[in-house]
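Just one chain is shown here, as structure tokens, and it is the form predicted alone.
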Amino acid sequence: MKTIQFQGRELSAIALGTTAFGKRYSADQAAEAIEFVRSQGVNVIDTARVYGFDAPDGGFGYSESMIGRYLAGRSDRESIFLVTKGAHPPMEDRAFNRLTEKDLRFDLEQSLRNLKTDYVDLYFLHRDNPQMDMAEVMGTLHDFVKKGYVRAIGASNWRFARIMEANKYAAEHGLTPFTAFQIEWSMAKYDESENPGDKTQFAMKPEEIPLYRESGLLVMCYTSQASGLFSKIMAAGPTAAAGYDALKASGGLKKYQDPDNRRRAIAVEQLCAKYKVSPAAIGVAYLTGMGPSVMPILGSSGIAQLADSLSAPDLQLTEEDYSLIEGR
């Protein structure tokens, strides 16, 4: 499997996402999923304190607790690169500022307890908030790193300019900078303006891609398969065009309403035939080929979907393939 060098660690270029732990995965199934991806060469596990809040009998930390159950008593903790996120605003008020020292310390303490570990390899702020106190936030995160609770820090759903602002402050005050970023990014054409329910959740903009490539930041991509959009299109009809039309008629496109996704689906169909792989494998290759530090996070409803996404992890798309997908 392709790898990424990050702060002295060799990471798989693909991460396991765990938003479904507790909703579609029981604790035993979660452990089975972790074992499966590790057998395929994946050593990065991504979670968050908020994951599982809406699971049956769940709550904040539910996904983390399932990972903690897996980690408990294991002797190979160092072989897993563990990522979690904190300081998510309340579900009923996404504009509420939880980027305070009190909230940050509370969330990290809870995450470490749930994960049954004394450190996380990479800790993300789950959302941005313009009301945050930069000195308070960056100072608190720096303290986490100094005390060994966290080995690196990142920002999830921040715009590039905000990350640079934070890192400029960190450099000027001798504090730990952000070295990683999470954002919604997939092969599908999508803009967060189509997601009016959460103004704190951002999608990658084409004009930002060169900025991230030049920054050296690790970019972790969530919803990297566009919720299975292209696989659903291929399954919905005898051709990609017919499948797209059928999915659109049934309301199955959801937030991926941009009409260019029809053309992209036809391009994906051609590449599946060219490489003899699935749409999911093309979706993974689309992101891992975007740069040396771009890492798709694989969500799934079961191991069969994980296996599909991991069926060709070393596939490398050509520049002509990208032009075909993007209509250049």
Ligand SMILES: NC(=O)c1ccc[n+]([C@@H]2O[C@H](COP(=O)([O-])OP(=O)(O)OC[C@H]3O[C@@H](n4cnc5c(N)ncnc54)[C@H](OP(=O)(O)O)[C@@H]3O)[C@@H](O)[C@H]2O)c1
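This is a predicted model, so every value here is computed, not measured. Throughout, we count residues from 1 along the sequence that is shown.
The same protein has a further form, the form predicted in complex with this ligand, not shown here; the description that follows concerns it.
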**Study point:** Among 222 to 230, 144 to 152, 208 to 216, 169 to 177, the region lying within 4.5 Å of this ligand in the predicted complex by heavy atom distance
**Key:** 222 to 230
Revision key, fill the gap. With the partner omitted here, the residue among Ala33, Ala265, Val42, Ala280 that in the predicted complex has a heavy atom within 4.5 Å of this ligand is Ala280
Exercise for review: Just give me the single entry in Thr288, Ser65, Ser300, Asn261 that has a non-hydrogen atom within 4.5 angstroms of this ligand in the predicted complex.
Suggested key: Ser300
Exercise for review: Determine whether any heavy atom of Gln201 comes within 4.5 Å of a heavy atom of this ligand in the predicted complex, and answer yes or no.
Suggested key: yes
Practice item. Considering only heavy atoms, tell me if Ser156 and this ligand come within 4.5 Å of each other in the predicted complex. Key: yes
Point to revise | Partner contact for Gln182 in the predicted complex: this ligand, 4.5 angstroms, heavy atom | key: yes
Review point. How about Arg9: is it within 4.5 Å of this ligand in the predicted complex, going by heavy atoms?
Key: no
Practice item. Check each residue of 38 to 69 against this ligand in the predicted complex and list those with a heavy atom within 4.5 Å, in sequence order. Key: Asp46, Tyr51
